[in-house]
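The chain that follows stands alone, in the form predicted on its own, written as structure tokens.
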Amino acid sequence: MIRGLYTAATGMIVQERKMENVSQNLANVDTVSFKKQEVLARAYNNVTISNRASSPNNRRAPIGQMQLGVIVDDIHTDFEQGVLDKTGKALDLAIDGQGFFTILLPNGQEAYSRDGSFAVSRDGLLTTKNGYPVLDRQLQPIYVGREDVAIDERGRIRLMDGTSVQLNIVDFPDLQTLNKLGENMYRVEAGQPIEAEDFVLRQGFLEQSNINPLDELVKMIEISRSFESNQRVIQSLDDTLGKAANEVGRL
């Protein structure tokens, strides 16, 4: 029974983590290009079950495995593309297909984002809405000077002097190597970005989040029921233990 208490408790802990994740997804339904996450769980603390009935020599023989709990295994990010919403603004860009914009952080490191709600700084640089410079193919900040710029489907920006510069749009062989930084940006911990090819850049559009609120609400109900089931198991085991401690000794 004590073992059952721990098993049910691990289930409650996992369901609590899942509920936090669903709440985060719902809170970002209207965040541009936000990608939903899923909590992946796995069984742990496996033990071998054995008995003597299947052994001719009356020795213990293994008959299978039993899992005594569950833990969070990983957080999976779903990079499925969201719906493209037309805004008509020249500096609103959406990547239709695979790829990420390259952003320069204040610490000099590079980050990646699909949020194309850009602006022009006081210095005339193309920046994110948080003021971080957007980089070109040479990994340099892009000077545009004004907001009414023309950008083609491959990310080439025509500048006022007649020249052009191209946005550095990259992709990754394994998107699960990207870690969220906050502010709708990612960092890569392993591997290097490669040049994105399978995309079309849409000027005057923004990619919406890929979260379906109805699906998340259904998950929230399922998680609540699973949590309550584990809670009832613990209550039942606790009542049984209480009777064993208080009543068995009277016999």
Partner chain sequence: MIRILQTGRTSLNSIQKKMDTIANNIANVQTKGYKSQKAEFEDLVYDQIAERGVPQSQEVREGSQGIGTGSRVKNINKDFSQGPLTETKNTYDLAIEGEGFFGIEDGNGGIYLTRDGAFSLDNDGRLVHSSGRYLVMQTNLVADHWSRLDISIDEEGQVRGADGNTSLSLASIPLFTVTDKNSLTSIGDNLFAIEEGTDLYMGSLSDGLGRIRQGFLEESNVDLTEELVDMLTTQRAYQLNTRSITAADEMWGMTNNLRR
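Residue numbers count along the first chain shown, from 1. These numbers come from a predicted model, not from an experiment.
There is another form of this protein, the form predicted in complex with the partner chain, and it is not shown here; the text below is about that form.
Would the partner chain be touched by all three of Q81, A90 and R202 in the predicted bound form, meaning a heavy atom each within 4.5 Å? Looking in the predicted bound form, the three residues Q81, A90 and R202 all stay beyond 4.5 Å of the partner chain (heavy atoms).
I need the one stretch from 133 to 141, 96 to 104, 162 to 170, 147 to 155 whose residues put non-hydrogen atoms within 4.5 angstroms of the partner chain in the predicted bound form. Looking at the other structure, the answer is 147 to 155.
Residue-level question: is N28 within 4.5 Å of the partner chain in the predicted bound form, judged on heavy atoms? Answer yes; at least one heavy atom of N28 falls within 4.5 Å of the partner chain in the predicted bound form.
L217: touches the partner chain in the predicted bound form, heavy atom cutoff 4.5 angstroms: Answer yes; at least one heavy atom of L217 falls within 4.5 Å of the partner chain in the predicted bound form.
Even though the partner isn't displayed, in the predicted bound form is P213 close enough to the partner chain, meaning a heavy atom within 4.5 Å? Residue-level check for P213: yes, a contact with the partner chain.
Any chance Q37 has a heavy atom within 4.5 Å of the partner chain in the predicted bound form? Q37: contacts the partner chain in the predicted bound form.
For the stretch 4 to 27, return the residues whose heavy atoms include at least one within 4.5 Å of the partner chain in the predicted bound form, in the order they occur. Those in contact are T10, M12, I13, V14, Q15, E16, R17, M19, E20, N21, S23, Q24, L26, A27.
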